[in-house]
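A single chain comes next, written as structure tokens; it is the form predicted on its own.
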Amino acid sequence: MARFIPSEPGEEEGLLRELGISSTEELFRDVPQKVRLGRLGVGAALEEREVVALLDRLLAKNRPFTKDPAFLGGRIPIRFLPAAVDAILQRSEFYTSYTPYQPEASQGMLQALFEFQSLWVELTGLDAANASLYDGATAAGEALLLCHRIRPGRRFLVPSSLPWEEKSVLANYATGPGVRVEEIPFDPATGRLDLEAVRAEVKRGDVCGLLADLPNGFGVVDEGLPELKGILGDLPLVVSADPLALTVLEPPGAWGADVVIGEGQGFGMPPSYGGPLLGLFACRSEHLRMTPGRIVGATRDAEGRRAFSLTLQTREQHIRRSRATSNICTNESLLALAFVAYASVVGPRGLAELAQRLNERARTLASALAEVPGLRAPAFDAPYLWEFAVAVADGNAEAFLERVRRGRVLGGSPLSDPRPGAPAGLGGLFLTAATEYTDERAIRKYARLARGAVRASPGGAA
């Protein structure tokens, strides 16, 4: 590894003489000993070959999601990624300069971002989309801020079924403008949003907007959501939508949504330990100048040729500075390129067929789990697509999933909120999902392990 170290011992001694000190330790003499870390426990230097071998041994301890059956539901789906997506991403003209902070960004990258925006606009039925945000959760936070600009109330309504991680991010965003994030209950039989509760909260006043998700945190496709705009009136309606779901469902813009956000990871990006992710954001044209981030537009150059430019730049690093709509938003250009590359490679028909195929596999999975004594699958009497909630009779979903995991199956994601003081009402529920890797063999193994996991629980089924 010596060739990677920029200075030899003789050069180091010369630098110390020039500085008038005898050792590198003297450089840090002003730092109190009590705040120093001490020795890091790093072993002796290794040759490059030895470092590679060590890293290979460490990496071998990981278990890829394709090695064992995985039924993890949630906002980070497991999808098969066509090789063409990586082939496009790794082209040097995209891979080495993908962040258009300046107006002189390349036409190729600007066109890719314009196509990304156009795709999200088409899926949502809204007027304009920005050139992406960090992830779906922070896109929800930015939507809250946008709602507060439109209607400066002090209450923002969300479903209590919204994943706790997103509620936590929303609460952080709400602190700045002094907004309270308040939860609307769900129908215990169907998992749907309680529309009468929404009506009552709107009547109380001081509301700046409402967020609903499609599908919701239980995997339920809430058929009552199109009624929300009639209840809200001129209050902003935000819909957090799964992009794949929008290939088979009516776009939220058609039934009154003012803002549609989402998590784009499922289009072209692997789960990869939970990141990187991609935030999607679209809105109606009247709210355009209040949106976060930046927007790429199409125009004509001096010779009349089609060209692209950064049309709106509301970020603090651009022209807005202190008047920026957000100072913590960014664009995820390479991931936005992955999103549009995946959608283009699979195609409109392929995406709709994928949604249908996953729905069929989810129904097979639900039927198999429903036959396990001690489980109720799905937990709610409502439509779902490829993921659904399952209820565990003993009320301890985490323990059930851990017992299944010991059999080398990732059975799902617990829906309980682990934050201190959070309600314990969802402790018996977990979210499970069908993926492109879900086959009959994997479902049979899961069902067999589920039976054993239920029997092993205190007071388990016979």
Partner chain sequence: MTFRQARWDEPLLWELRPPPEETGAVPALPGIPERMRRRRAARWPELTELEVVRHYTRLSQMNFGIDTSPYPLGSCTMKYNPKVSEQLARRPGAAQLHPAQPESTVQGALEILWRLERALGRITGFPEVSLQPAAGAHGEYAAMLMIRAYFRDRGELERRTEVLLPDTAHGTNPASATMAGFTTREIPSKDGCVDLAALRAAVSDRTAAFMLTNPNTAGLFEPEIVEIAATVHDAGGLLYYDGANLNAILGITHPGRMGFDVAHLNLHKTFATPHGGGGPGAGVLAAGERLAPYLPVPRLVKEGRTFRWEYDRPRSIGKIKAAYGSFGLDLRALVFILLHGEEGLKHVARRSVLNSNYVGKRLGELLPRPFRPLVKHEFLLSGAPLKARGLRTLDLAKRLLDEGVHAPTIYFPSLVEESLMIELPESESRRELDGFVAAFSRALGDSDANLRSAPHALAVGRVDEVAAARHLLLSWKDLRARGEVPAGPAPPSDGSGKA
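Predicted model only: the values in this text are computed from it and were never measured. Numbering follows the first chain given and starts at 1. Heads up, when I say rigid core I mean the largest set of C-alphas that superpose within 1.5 Å between the two forms.
There is another form of this protein, the form predicted together with the partner chain, and it is not shown here; the text below is about that form.
With the partner left out of view, is Y384 within 4.5 angstroms of the partner chain in the predicted complex by any non-hydrogen atom? Because a heavy atom of Y384 falls inside 4.5 Å of the partner chain in the predicted complex, the answer is yes.
Contact of D242 with the partner chain in the predicted complex (heavy atom, 4.5 Å): Answer no; every heavy atom of D242 is more than 4.5 Å from the partner chain in the predicted complex.
Might R306 be said to contact the partner chain in the predicted complex, defining contact as any heavy atom within 4.5 Å? R306: yes, in contact with the partner chain in the predicted complex.
At 4.5 Å between heavy atoms, is T66 in contact with the partner chain in the predicted complex? Contact with the partner chain, yes.
Partner absent here, but in the predicted complex, which of 152-160, 306-314, 200-208, 183-191 has residues with a heavy atom within 4.5 Å of the partner chain? One stretch meets the cut-off, namely 306-314.
State the residue from V51, A393, A422, A399 whose non-hydrogen atoms include one within 4.5 Å of the partner chain in the predicted complex. If I apply the 4.5 Å criterion carefully, the residue I get is V51.
Can you pick out, from A140, L146, A112, A282, the residue that has a heavy atom within 4.5 Å of the partner chain in the predicted complex? None of the others qualify; the residue that does is A112.
In the predicted complex: members of 141-170 within 4.5 Å of the partner chain, any heavy atom: Counting only heavy atoms within 4.5 Å of the partner chain in the predicted complex, the contacting residues of 141-170 are E142, L145, W164, E165, S168, V169.
Rigid-core frame, C-alpha of R419, shift of 2 angstroms or more between the shown form and the other one: Superposed on the core, R419 moves its C-alpha 2 Å or more between the shown form and the other one.
For a quick test of reading the superposition: does G43 move by 2 Å or more at the CA between the shown form and the other one, rigid core aligned? It does shift by 2 Å or more.
Would you say whether E18 is displaced between the shown form and the other one, judging by a C-alpha shift of 2 Å or more on the superposed rigid core? Superposed on the core, E18 moves its C-alpha 2 Å or more between the shown form and the other one.
Outcome for the Cα pair S240, C329 in the predicted complex, compared with this form (closer or farther; change of 3 Å or more): Residues separate in the predicted complex, at least 3 Å farther apart.
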